[in-house]
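Shown here is one chain on its own, the form predicted alone, set out as structure tokens.
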Amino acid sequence: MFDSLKKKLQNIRSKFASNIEEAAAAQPEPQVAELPAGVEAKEPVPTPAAEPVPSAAEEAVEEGRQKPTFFERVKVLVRDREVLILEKDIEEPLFELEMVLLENDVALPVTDEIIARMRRDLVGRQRKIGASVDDLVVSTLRSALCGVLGEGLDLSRYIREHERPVKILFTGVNGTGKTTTVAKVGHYLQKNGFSVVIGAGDTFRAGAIEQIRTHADRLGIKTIQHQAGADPSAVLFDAVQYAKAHDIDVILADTAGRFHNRANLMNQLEKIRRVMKPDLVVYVDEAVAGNDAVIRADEFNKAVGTDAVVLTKADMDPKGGAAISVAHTVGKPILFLGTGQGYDDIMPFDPRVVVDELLGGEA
């Protein structure tokens, strides 16, 4: 997953490290004051055993022993020497990082934010000689990426902490795998000990009711449905009533795919929200759509509101730009990544885990 971006980020790490090391080598050695003329530097010589001396003399000798010699002071100075990272030292790799992010479908405002964070955290940074430059670069890049991805959303924790039934409404454009995602999320919740009912709210698309019912039957999940062409608000109202009557933990509401610029369908979605009163509105799109997914998610959020995002087909996306961009652009967390065709092929989105994967593991 995201193999292209992962490989290029590895190269960028090397570029940053190389430039910083070269800059360190070019910086002048620290100046050390010379000894006065005619004075020879000597290591302290242990005082041989002798007759007992007065207490005050013993203290003076001990003080002389503890005082570092000239050469000892130089050793400490070199060992503790720090290198200052200047903007010119990282300007080239920052530009290359910017190009890599843009080429991998990271949205321009998100790219600008990552570059700004990297510049802020590295320029003026002091590094001790001998400290790992790669560790410094990786920790800074990890911080920048996690900063734009946000904290994420743990759905199981959310359900446990909220009054039940928790009502989750799925929205999105046509053909992005929304109905299959509803089934996958239902299976995920079952495995985590929650009871689920599905509301077949896509009464517009031919075959949609049969599709979601087939998925639900395979998983042993109850489906609430009306006939094709029925008012989806009525279907989902009935789903809520069923869940309350049967102590169901979670309602998953499927809806028809629609574009944000179709006023009639967006008005219908607004009616569904008023009737169902969802706890979470989840927007579904494809990771492989790249910047188009980011733009659509933002438009949906502006039109009807979004609480979280699911990106499907993440296993087919070598770039990863949408996953990095959506959370920052919309200001809402990514909930899951779809990673295949099976019901188990859905991965909770943990920003730190994803960043560690991109950067090749824990630094």
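We number the residues from 1 along the sequence you see. In this text, all values refer to a predicted model and were calculated from it rather than measured experimentally.
Just so you know, the form predicted in complex with a small molecule exists too; it's not on screen, but the next bit is about it.
> With the partner left out here, check for me: in the model of the complex, does some heavy atom of Leu149 sit within 4.5 Å of the small molecule?
Heavy-atom contact with the small molecule at 4.5 Å: absent for Leu149.
> Going by a heavy atom distance of 4.5 Å, is Met316 a contact of the small molecule in the model of the complex?
Residue-level check for Met316: yes, a contact with the small molecule.
> Residue-level question: is Asp105 within 4.5 Å of the small molecule in the model of the complex, judged on heavy atoms?
No, Asp105 is distant from the partner.
> Whether Gly340 contacts the small molecule in the model of the complex should be assessed with a 4.5 Å heavy atom distance threshold; does it?
Because a heavy atom of Gly340 falls inside 4.5 Å of the small molecule in the model of the complex, the answer is yes.
> Scan Gly290, Gly257, Pro165, Pro93 and let me know which has any heavy atom within 4.5 Å of the small molecule in the model of the complex.
None of the other options qualify; the answer is Gly257.
> Of Gln211, Gln268, Gln190, Ser156, which one comes within 4.5 Å of the small molecule in the model of the complex, counting heavy atoms only?
Checked against the cut-off, the match is Gln211.
> Picking from 95-103, 115-123, 202-210, 242-250, which part of the chain touches the small molecule in the model of the complex when contact means heavy atoms within 4.5 Å?
Of the options, only 202-210 has residues within 4.5 Å of the partner.
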